[in-house]
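For reference, the chain that follows is the form predicted on its own, supplied as structure tokens.
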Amino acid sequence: MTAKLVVLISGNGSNLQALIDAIRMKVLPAEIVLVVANRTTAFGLERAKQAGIPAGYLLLKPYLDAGRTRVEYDADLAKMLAASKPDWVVLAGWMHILSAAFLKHFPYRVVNLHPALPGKFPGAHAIEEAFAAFQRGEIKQTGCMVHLVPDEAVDAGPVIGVAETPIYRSDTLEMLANRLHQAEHKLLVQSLQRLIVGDDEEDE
């Protein structure tokens, strides 16, 4: 079975690239049928173009400028994706909280990647907050997780996979971020593989 993925991005798209590479190497039995960004400057759009993947963008600001709501934006985004009939919608650095107007169209089929362990540091500044907590002596490690997005709760939902990442005294914030991103790339591929193939084949 080959799963159809739609990937939502906001920036560089390094996790998108990890998926593209895993599919190309036949590690992940999937096809990326569409990439959508919420920023025109997202480099991930160029990554998609280079890989021959259909890509586009939908900006929130014009909606707000016209007096329209985020709910209307989410509903239109869902329509945009639905045309590709994805099996899974992957949020790979998508910096936008999705409302029920979007999520209801893809129940338990939206997958999010977050650079923190379950229940820790929700939101857009997870890496900075973990680094600060380490410097205060509150934690010794951080990590990343992949989880389903059943509702509007931020960085919560059934966990598919977790990878712990150590923090060292010699780390800078940039060094920690780079280590986390490397862990994210592996974990995202592994977690999607688990969703698509199931646990049974991995255990054989």
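This one's a predicted model, so the numbers in the text were calculated from it and none came from an experiment. Numbering starts at 1 and runs along the sequence shown.
One more form of this protein exists, namely the form predicted in complex with ligand GAR; it is left out here, but the text below deals with it.
> If we take heavy atoms and a 4.5 Å cut-off, which stretch out of 75-83, 88-96, 129-137, 102-110 is in contact with ligand GAR in the predicted complex?
Looking at the other structure, the answer is 88-96.
> Classify Gly123 as contacting or not contacting ligand GAR in the predicted complex by the rule of any non-hydrogen atom within 4.5 angstroms, answering yes or no.
Gly123: yes, in contact with ligand GAR in the predicted complex.
> Decide whether Asn15 counts as a contact residue for ligand GAR in the predicted complex under a heavy atom distance cut-off of 4.5 Å.
The answer is yes: Asn15 has a heavy atom within 4.5 Å of ligand GAR.
> Output the sequence-ordered list of residues from 166-190 with at least one heavy atom within 4.5 Å of ligand GAR in the predicted complex.
Contacting residues: His181, Glu184.
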